[in-house]
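To begin, one chain is listed below as structure tokens, in the form predicted on its own.
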Amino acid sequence: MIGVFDSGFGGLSVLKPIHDRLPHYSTIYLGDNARAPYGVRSEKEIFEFTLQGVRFLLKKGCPLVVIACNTASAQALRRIQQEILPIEFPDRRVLGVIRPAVEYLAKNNKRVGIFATHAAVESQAYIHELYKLRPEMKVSQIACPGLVDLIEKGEQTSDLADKLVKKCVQKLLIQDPQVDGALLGCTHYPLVSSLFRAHLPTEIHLLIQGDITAVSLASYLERHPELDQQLKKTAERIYFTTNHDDLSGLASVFYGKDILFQQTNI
């Protein structure tokens, strides 16, 4: 099975395109809702929490895990790949959402804006990766503090959310009036993509990560048939959360239909 991990609900906006793109592949989703959001936490906490989630999925037998969280991908993925997998799970793979987005941006844009959490912005992960592929790119990062909290509370259509998004867009346009593409660099932000679209100039291409990640994952599996052969393809769907409240209603907003979660501790 393909494991998908996120700090909360946001990863469901990545999981849905994966299901659409690879409908026969079985998946296990884990949302660490009890400790969300990660974007305001320390690098140490983000690494420890992400490692716990990834280990949970690997121990469930997943040959491949996707960290469907920008903050966790920025702060924890490389260490997990370099320090943990070779020792504990040498035959497994863990991927993130930043690299696929970076490859897409480097190929299609010249001046990009990235809306993300404070932790993802502070990590400079997008800037480092983009400059490796295309050093001449102009990259502007805008942190959107508080936006994940509003979305997790189901307040993505509130006036407060609209004002916050408008403020973030204005900051981007001040930093780079000639920006030609804007990435929602947090998997929660697709829930407010209409707000970003409303405040961004029409000529700026708005990019959402879920579809990019799904296309990249399908390509990765084509290039690694030895891994693809290990994946279960019975379209089984399993969902875990670390929160012991009923989350099915809000999760359906991210995924598009009701989801039945199993509670777990990690």
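Everything numeric here is computed off the predicted structure, so don't read it as measured data. All residue numbers are counted from 1 along the displayed sequence.
Below, we refer to the form predicted in complex with a small molecule, which is not included among the displayed structures.
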I need to confirm a contact call. Of Val165, Ala101, Cys186, Ala125, which residue comes within 4.5 Å of the small molecule in the model of the complex, counting heavy atoms only?
Cys186
Considering only heavy atoms, tell me if Thr117 and the small molecule come within 4.5 Å of each other in the model of the complex.
yes
Just to confirm, Gly39 within 4.5 Å of the small molecule in the model of the complex by heavy atoms?
yes
Verify the contact flag for Ala182: yes if a non-hydrogen atom of it lies within 4.5 Å of a non-hydrogen atom of the small molecule in the model of the complex, no if not.
no
Any chance Val148 has a heavy atom within 4.5 Å of the small molecule in the model of the complex?
yes
If contact means any heavy atom within 4.5 Å, which of 194 to 202, 65 to 73, 211 to 219, 234 to 242 contacts the small molecule in the model of the complex?
65 to 73
